[in-house]
Structure formats: C-alpha cells, structure tokens
Ligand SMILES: NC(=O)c1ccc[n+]([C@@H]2O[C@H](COP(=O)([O-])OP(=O)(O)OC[C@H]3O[C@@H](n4cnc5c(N)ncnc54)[C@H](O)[C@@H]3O)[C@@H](O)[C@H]2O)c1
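Shown next as structure tokens: one chain only, the form predicted on its own.
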Amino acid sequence: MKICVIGLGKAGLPLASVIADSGFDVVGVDVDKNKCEMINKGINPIPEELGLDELISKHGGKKLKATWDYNKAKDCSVFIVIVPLYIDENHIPDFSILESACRSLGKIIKKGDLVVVETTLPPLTTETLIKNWIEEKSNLNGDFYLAYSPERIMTGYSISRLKEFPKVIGGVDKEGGQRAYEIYKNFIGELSLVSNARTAEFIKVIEGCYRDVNVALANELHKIANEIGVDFYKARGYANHEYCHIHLPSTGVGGHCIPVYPWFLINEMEKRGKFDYTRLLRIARELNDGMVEYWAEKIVKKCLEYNKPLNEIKICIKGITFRRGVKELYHSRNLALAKFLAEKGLNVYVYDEMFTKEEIEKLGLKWIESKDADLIFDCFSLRLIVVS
C-alpha cells in the first residue's frame, strides 16, 4: 500500500515522516518546489521540529518522496489531506487552499481509494464540501471512502505527539471509518474510532474552545487579583487540584488553532439564528484579544514613573511569536502589542531570540538588545523589568 500526504507543512511533513518510518511508501505533495527538493535530498526544511532531522535524513527521497505534481501520486490508494485553513478579518473560513487540494485530488483518485482529512474544520465540512469537491472532479459518486482524523500535534513536538498523544478518527459512513482506522493504527500510537466524521470534527474544535475559554478566565482572574493586591500565581498554586485547573494568564491567545476554532461554532450557530448558544465563546474571544490594550496600559503606567519624556523611553517587547520557541507570528498577540504601542507613538523596540535584526526590521519594527532598553516587557513571563 502506498500513502499520499497532501500538504508538507509543520503538521503534514512530520506525519508523512512517521508514516514512512512505519514501513509505508509515502508520496508527499506540496506546492513548494524548493521544499520538495530539500526533502528528496534528505534535508529537513523544518529544523526546529524535534526528531524530524533524523527521519528526513533516513527516508527523504527513499520511503518518502516529495513532489508538487499530483499525477505522481496516482498509484496511491490512501490520501491524507492536511493543508491550512485560515479565517479572514470577519472570522469566516477561507476554504480556497483546501478546495484546490481536494479538486486536484479528485483528478487522480480511483474507485475504492480512501481519503482522510486532517485539517481542522467546522463540523459538517467533510461530509458536505469536501465530499462534493472530490466527487465533482472525479465523477465518483460515493465510490471512494472518506474519513476525518484531526491533527493533534504541537509544533516543535509533533513526532512525539503523533506516537503518544490520543487521536480520533471517524468516517462519513461506517465502512469508511473502519477502513481508515485499520490503516491509521499502523502508525498512530493511541487511536480511537468515533461514530462519524462530524463527531471527530467537533471533538477537535471543542478542545480549542475549552482552552480559549479557560485562558480568558485566567486572564480575567489575573486582572482581578492585581486590582485587589493578591499574588495571582501563589493563589493559583493553592487553588489548583484534581477538580480545578486554572490556566496561566497571557497577552491573549495566538496561533493557527485556539483563536480560530471558536469562530467555527459561532458562525454556524449564527447562521442558524442561535445567537445565544455561543455567548461564552464570543466573550472569551473578545476578552483574550482585549489583553493587548490591558498590557499596553500597564506598560504606559510604568513609563510614567520615569523622569523623562514618554517618547524617549526605550521600551523592549521581548518575545513576539505566539508561543515561546516557535517561529510563528500568526495571530500573535505579542506582535500585536508591539505594533499597538508603536502606533500610539511610543518608542518601542523588539527582541526575540527566534528572529534576526533584519527579520524584525522587515516587519516594520525596531530591534534592540534587551540590555539596552529602559523598560522590558517579557511577553512569556508577563513581567515588566526596569533596566534603567
């Protein structure tokens, strides 16, 4: 059996490598020709991903062959789709990349083949949009198997997560789910077959909603504690036990996942006129995104303690990625904080160990070594540090 993985990004390439390491021949399809060439030479294009260097060196160009040409995957019988899904400024999903991948797949799929989608989706998408896109290009009317198994990796730790973290899979119909389960259990360490694709989609989305709502709660409790003179972190340490887990506060929630998934459910309920069904999800989104203004106010108040003009104080925002150790800026609230302060006319600089000075300046920001600033705001520890 030969397996095709469509999309060799930070989720797809580790998955393709783990499948190859399990003994399957894998064809990886990606629009980035340079990335494909690197993989086929045994060079890892995602060096920050732990354990991936070894797998690419071992299987790149051998058990794992990368290509930008879908026709080279024609002899595969299993196709895994794991391409990005973004939302626009109105929080509406942009399906263009996913639709293009599914329609291209539809041109090469054969009767009896299996398709498994891993991209995180609004519930009902696999059985409607994806099925229709593939059928329209393939002229196969239900003559292929379709299932859904949401990726559950964490960037930087994808290999270990694929081998150890619980994963679910569900088919558009019972047979599709069973076939997908039988194949996936060969390379996924802990796998559960759920009732259908719709349920599997929902499972992934509500996990993100849980995180978003609980981070919002932590942010709100942190603000209250600060207002009444309580050490939030000490209080949290005593409050947390097997029946209570208060999350850590933050500058908000960033990345491709947690700030995106609640909108899938909010949008669907609003389409159905059930606006009151997602009030908590919407409030959590607003509260987390509003943390930029909260921390900006804290920084300005600290600056007012200096005996010099506000616009002369060198403020360093330390850490602009959405998560420590991951070179990603999508929906980064730390980056948003730096830009917000700069737009207000403050003398803002940025330092992040993941970026060079030139990369920072390309973002339209000023770079500084932390030690040369007057005031540092460490975005990951939420500490204001007075340097001078």
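Note that residue numbering begins at 1 and tracks the sequence as displayed. Just so it is clear, the structure is predicted and the values come from calculations on it, not from any experiment.
The form predicted in complex with the ligand exists for this protein as well; it is not shown, and the discussion that follows is about that form.
Participant: Tell me, please, which stretch of 239-247, 175-183, 96-104, 297-305 lies within 4.5 angstroms of the ligand in the predicted bound form when heavy atoms are compared?
Facilitator: Correct option: 96-104.
Participant: Counting any non-hydrogen atom inside 4.5 Å, which residue from V292, I313, I153, I203 sits next to the ligand in the predicted bound form?
Facilitator: Here the answer is residue option I153.
Participant: Please pick, from F275, Y86, Y233, F165, the one residue with any non-hydrogen atom lying within 4.5 angstroms of the ligand in the predicted bound form.
Facilitator: Residue within 4.5 Å of the partner: Y86.
Participant: Taking 4.5 angstroms as the cut-off for heavy atoms, does L15 touch the ligand in the predicted bound form?
Facilitator: Outside the cut-off, so no.
Participant: Consider A11 of the chain shown here, and say whether it contacts the ligand in the predicted bound form, taking contact as heavy atoms within 4.5 Å.
Facilitator: Heavy-atom contact with the ligand at 4.5 Å: present for A11.
Participant: Consider L363 of the chain shown here, and say whether it contacts the ligand in the predicted bound form, taking contact as heavy atoms within 4.5 Å.
Facilitator: It does not: once the ligand is placed as it appears in the predicted bound form, L363 has no heavy atom within 4.5 Å of it.
Participant: Taking the ligand as it sits in the predicted bound form, is D352 near enough to touch it, meaning that at least one heavy atom pair lies within 4.5 angstroms?
Facilitator: D352 lies outside the contact set for the ligand.
Participant: Scan 106-126 and note down the residues that get a heavy atom within 4.5 Å of the ligand in the predicted bound form; none is a fine answer too.
Facilitator: Heavy-atom contacts to the ligand in the predicted bound form: T119, T120.
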